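Starting off, we have a lone chain in the form predicted on its own, written out as structure tokens.
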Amino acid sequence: MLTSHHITSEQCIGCGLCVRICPSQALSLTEDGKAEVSGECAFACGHCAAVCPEEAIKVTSLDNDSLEFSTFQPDGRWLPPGETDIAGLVRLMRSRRSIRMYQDRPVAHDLLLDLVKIGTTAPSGTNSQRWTFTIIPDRQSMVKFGHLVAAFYRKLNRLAARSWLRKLLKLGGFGELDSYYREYYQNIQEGLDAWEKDGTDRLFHGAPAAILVGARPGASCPQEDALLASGNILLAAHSMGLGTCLIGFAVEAMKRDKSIGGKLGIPRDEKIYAVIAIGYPAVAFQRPAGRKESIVRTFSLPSRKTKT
């Protein structure tokens, strides 16, 4: 029996909204017309508490204080569908750009923590919320992270430079190393050379901080969850005056070399799906950019002809 829900029967007016909205069908009305927990809740989504007009339900497994912010005061009221400034929302989405030029200016830790909290407002599969957030808070730590990623690609480039190895693996049905050599080897080598020569940072572009978004075991769709949370962080960072850039090369390095995560204090069974470089932009754009044409399909069953 579910124990994380507390229902104050004296406040319940028996409207039944919580019963109808519960995706787990874990609530029902008693003979007295009061809501009660009568089944197992699979989601702990909080819909019942959010819909109750009398605040008679509390989901004790959910922490409302987890969405208290340090750098701004949010409006805690629920925003109904259709009452958003859609033009302003689209302007925000179109104005967010991947930033590859950053000021030499630190990002306050409170801002990074607030970005993490905003990330957790994203949806997740079966409401598992198994995501994790690892903050790299300063430039010195970013440089250390960069050295770890560079060491992985330095080793990979040494392997890719061996033509006999690429051909042998390709003959065996493993063409990944050959594809890497053709598509990325030269740019990666130039980046490694610049890093070693004068510290030019082509990986994080000089960003003073980063947030790594991952997931613990047990999530039904961990990658999707992490990327949805990352999308929230990207938009929120722009609203805070910050710039961001998703660093796929760092994600790939951490996927292939588990020791990188271990040196950052990340458990071995935790996977990282997004690395977000964060800092104050050193560039100001004059207008939003266009987008490539998308493939859009519509599927519908053919309408039946009416017999006459």
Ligand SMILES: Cc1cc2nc3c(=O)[nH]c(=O)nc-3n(C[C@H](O)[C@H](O)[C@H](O)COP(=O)(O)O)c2cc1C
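Just so you know, these numbers come straight off a predicted model, no measurement behind them. The numbering used is simple: start at 1 and walk along the sequence shown.
Same protein, other form: the form predicted in complex with the named molecule, not shown, and the subject of what follows.
Chemist: Please tell me which of R139, R130, R97, K117 lies within 4.5 Å of the named molecule in the predicted bound form, judged by heavy atoms.
Modeler: Answer to the contact question: R97.
Chemist: Just give me the single entry in L27, I57, I247, M254 that has a non-hydrogen atom within 4.5 angstroms of the named molecule in the predicted bound form.
Modeler: Selected residue: I247.
Chemist: Tell me, yes or no, whether R297 is in contact with the named molecule in the predicted bound form, where a contact means a heavy atom of each within 4.5 Å.
Modeler: Residue-level check for R297: no, no contact with the named molecule.
Chemist: Contact between R287 and the named molecule in the predicted bound form at 4.5 Å, heavy atoms?
Modeler: It does not: once the named molecule is placed as it appears in the predicted bound form, R287 has no heavy atom within 4.5 Å of it.
Chemist: Report whether the minimum heavy atom distance between H205 and the named molecule in the predicted bound form is within 4.5 Å.
Modeler: Residue-level check for H205: yes, a contact with the named molecule.
Chemist: The named molecule isn't shown here, but in the predicted bound form, which of 98-106, 174-182, 83-91, 141-149 has heavy atoms within 4.5 Å of it?
Modeler: After filtering at 4.5 Å, what remains is 98-106.
Chemist: For the stretch 271-301, I need every residue with any heavy atom inside 4.5 Å of the named molecule in the predicted bound form, listed N to C.
Modeler: Stretch hits: a single one, R291.
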